[in-house]
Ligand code: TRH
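One chain comes next, on its own, written as structure tokens: the form predicted alone.
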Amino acid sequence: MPSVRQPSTLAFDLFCRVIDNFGDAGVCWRLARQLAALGHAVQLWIDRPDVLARLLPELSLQADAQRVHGVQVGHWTAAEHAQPPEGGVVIEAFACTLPSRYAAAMAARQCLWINLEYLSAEPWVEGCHGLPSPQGSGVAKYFYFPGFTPATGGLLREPDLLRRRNQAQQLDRTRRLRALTGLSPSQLPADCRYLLLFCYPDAPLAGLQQALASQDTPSCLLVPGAPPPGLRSQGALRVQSIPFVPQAHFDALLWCCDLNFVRGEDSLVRALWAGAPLVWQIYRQEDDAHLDKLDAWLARARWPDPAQALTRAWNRQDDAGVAHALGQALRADPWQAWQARAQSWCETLGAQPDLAHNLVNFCQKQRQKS
């Protein structure tokens, strides 16, 4: 009997619970939109549409269900009474636990179940990526790990992202910043180093301020929203509040900056695509488990020693360590080495297939086996 040809397009139901501020919603929306752009039917179920609306102003909080950029968006509670897509793919983002009635219906609908894991650079991820975990319902759940090597699921990246970045960076930076922030030319001096500060509340800001204030080169620190208490302009440092930008403009803001301080998973990946030096504040976990994950990421990043020391001090809330390491990292030789490594790693990662294409290929292969 001839095998039944599998459809080239798939139906995806993607479930998202917001835990880590904007990160969970940001990752899930990027994935949903990219899958839709590839021609697949995508339903996003989210428990905090108000958080998504901060990133996606087009989203209406008055509508129970709506279609935005090719993605059907609905509230998590409505999924309890929804039918899983027949022969489709159900993505459980970050072990968010599916609604019980919905999960029970998946076997009869012949669904493929994907557990989208958090991003990690740890070596063990390569061995676990793509493995099945049989469930009591009879539906196998597959672990899907985003990552930095070809043996993982890859990173989220739109097909034209790096081309758009290169085109944008050929334009005058001050004009780009004015368009993004609405600030006047006097608030955006041309003869300074620009840094973006997007951090968690426990970041060691006193050390950051001390290091930048004492530099010979002026620095303009762009802070979305109101600056944290105690952070102020001093010496060579100008602290400039800017509006919170939607997700569609966040990349362009990163492309304007010489050094990006970012937090969480979504912002890390977008800062990597900027091809510029970055300092990552990883999401904090009990017993400092996040520091092992940070070390694994730094081993792959291969920043110059001062930049690695800065990243570790930033994540240990070590003001003195930040002040010293940042001063060292901004010296001519380490800074040039950091810039070169950021660009080369971006190019290496950009040569790998992106997460959305990898995920579609994985799901289609699993469908062919069934």
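If you're wondering where the values come from, they're calculated on a predicted model, not measured in any experiment. Residue positions are given as counts along the sequence shown, with the first one as 1.
Absent from the display: the form predicted in complex with this ligand. The rest refers to it.
Peer 1: Within 4.5 Å of this ligand in the predicted complex, heavy atoms considered, which of W255, Y102, Y144, F198?
Peer 2: Contact residue from the list: F198.
Peer 1: Just one of G88, G264, G275, G207 has a heavy atom within 4.5 angstroms of this ligand in the predicted complex, so which one?
Peer 2: Checked against the cut-off, the match is G264.
Peer 1: I'd like to know whether W124 contacts this ligand in the predicted complex, with contact meaning heavy atoms within 4.5 angstroms.
Peer 2: Close contact is absent here: in the predicted complex, W124 is far from this ligand, nothing within 4.5 Å, heavy atoms only.
Peer 1: Just checking whether D13 would be counted as a contact of this ligand in the predicted complex - the rule being heavy atoms within 4.5 angstroms.
Peer 2: Because no heavy atom of D13 falls inside 4.5 Å of this ligand in the predicted complex, the answer is no.
Peer 1: In the predicted complex, does A213 have a heavy atom within 4.5 Å of this ligand?
Peer 2: So A213 does not count as contacting this ligand.
Peer 1: Is P246 one of the residues lying within 4.5 Å of this ligand in the predicted complex, judged by heavy atom distances?
Peer 2: Answer yes; at least one heavy atom of P246 falls within 4.5 Å of this ligand in the predicted complex.
Peer 1: Can you check 315-323, 66-74, 24-32, 340-348 and let me know which stretch has heavy atoms within 4.5 Å of this ligand in the predicted complex?
Peer 2: Stretch with heavy atoms near the partner: 24-32.
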